[in-house]
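As a starting point, one isolated chain is supplied in structure tokens, in the form predicted alone.
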Amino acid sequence: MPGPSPNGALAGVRVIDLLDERGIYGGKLLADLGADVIRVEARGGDPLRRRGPFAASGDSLWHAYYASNRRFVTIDATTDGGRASLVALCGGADVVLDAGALATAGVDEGALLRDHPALVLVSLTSFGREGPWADYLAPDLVAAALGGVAATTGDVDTPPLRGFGEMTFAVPGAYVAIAALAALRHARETGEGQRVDLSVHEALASCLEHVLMWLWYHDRLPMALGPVLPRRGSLHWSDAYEVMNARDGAIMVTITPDPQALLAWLVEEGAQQDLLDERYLDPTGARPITGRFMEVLKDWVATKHVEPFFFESQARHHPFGWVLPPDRLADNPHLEARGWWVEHTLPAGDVVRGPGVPYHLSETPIAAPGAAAPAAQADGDAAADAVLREIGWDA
């Protein structure tokens, strides 16, 4: 595999990636920023290469995206020599991202940190390294359930629903990158490395937004009817945002930030119904006003064709959001104009279009994905030896 981009913001930073699906997105974020991210595979290859969906060749599209911009080495950490190679790789790095591989290999993390005092070790587990649930298992749906995320999904008459894909693990993945960069900055300034104990459970709980606020402070919220807000589909906790059906699609509609301007638009089209009644013009009755306003909007939106309606709403400075179906998102002219889509070359040679990265750096451009590495074969140790030689390890 080619090395990292020399012009990236993290050029010169070496990262060892021992993550599984819970945090692999964090390794990708660092790799895209130009870090030399080396992903270690066990003999027989990374099991994440077998995650769908797959191209016609059988190559994993999932792996091609989440493991892009890496170098790959094969190390059999069940042997003494392989374990020594793994320790050497970690010792020659600035950051190690681990999701249990070090413990499985029998590597003494304390000794690793003592021998390399500037090393940053980000340890990602489902529930943290300590606590009564420390040894529990949690694939993404279980993590969403126990982290409080699943309880907010669905409608009042449905059970909690599963989020699409693996968004549950995108959150701790982003936290992996944030924690690694914060600890690396400290290490660069002080020479002191550290272990970062990162928990999927806590990462998800930190993103619950209104749930705990509503529970603890409902007596201070004028719209609150109790300590727990029932599941309500797409309706926001403020009652002021909701996905509504148009004639040929769906659109997120809100009365904010200027309900008077929106009311004027309704009047212009004769769609205001009873919103001009005095009872809905009293600002002290915010809850009934909002509720009625949204009911009127739902009737109005149902008469609209979603695409021209979206563009007109934005032209009038109303922040409505067209719910783009996947085919329209893939052809989105805004993403195309910003050069967001990138090409990935799969191990079998297929070139596929894939998502880009969510930021643009003017002076240190994001690395374009290289060709995806094939699954590790028996000669994979040659790649490991090459990387080890770079850090002065004498085989």
Partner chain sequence: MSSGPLPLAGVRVLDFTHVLAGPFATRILGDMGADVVKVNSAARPGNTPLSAYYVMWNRNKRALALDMARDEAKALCRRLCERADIVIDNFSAGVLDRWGIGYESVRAANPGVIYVAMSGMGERGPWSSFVTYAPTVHALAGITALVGVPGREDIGIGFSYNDHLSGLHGAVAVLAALEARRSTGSGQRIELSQLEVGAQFVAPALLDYFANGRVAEASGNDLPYDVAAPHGCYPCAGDDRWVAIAVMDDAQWASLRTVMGDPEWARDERYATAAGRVADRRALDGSVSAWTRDLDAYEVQTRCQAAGVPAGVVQTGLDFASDPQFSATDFLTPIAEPQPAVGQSYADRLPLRFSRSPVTEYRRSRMLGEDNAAVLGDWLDMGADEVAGGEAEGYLR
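Positions refer to the first chain, counted from 1. The shown structure was predicted, so the numbers you read here are calculated from the model rather than taken from an experiment.
What comes next is about the form predicted together with the partner chain, which does not appear here.
None of 204-212, 288-296, 73-81, 263-271 except one has non-hydrogen atoms within 4.5 angstroms of the partner chain in the model of the complex; the exception is 204-212. At the 4.5 Å threshold, heavy atoms of residue 344 reach the partner chain in the model of the complex. For the chain shown alone, residue 13 is a contact residue for the partner chain in the model of the complex, at least one non-hydrogen atom being within 4.5 angstroms. Interface membership of residue 358, defined by any non-hydrogen atom within 4.5 Å of the partner chain in the model of the complex, is confirmed.
Put simply, residue 320 is close to the partner chain in the model of the complex: some heavy atom of it is within 4.5 Å. Residues of 211-229 lying near the partner chain in the model of the complex, listed in sequence order, are 211, 212, 213, 215, 216, 217, 220, 221, 227, 228, the criterion being any heavy atom within 4.5 Å.
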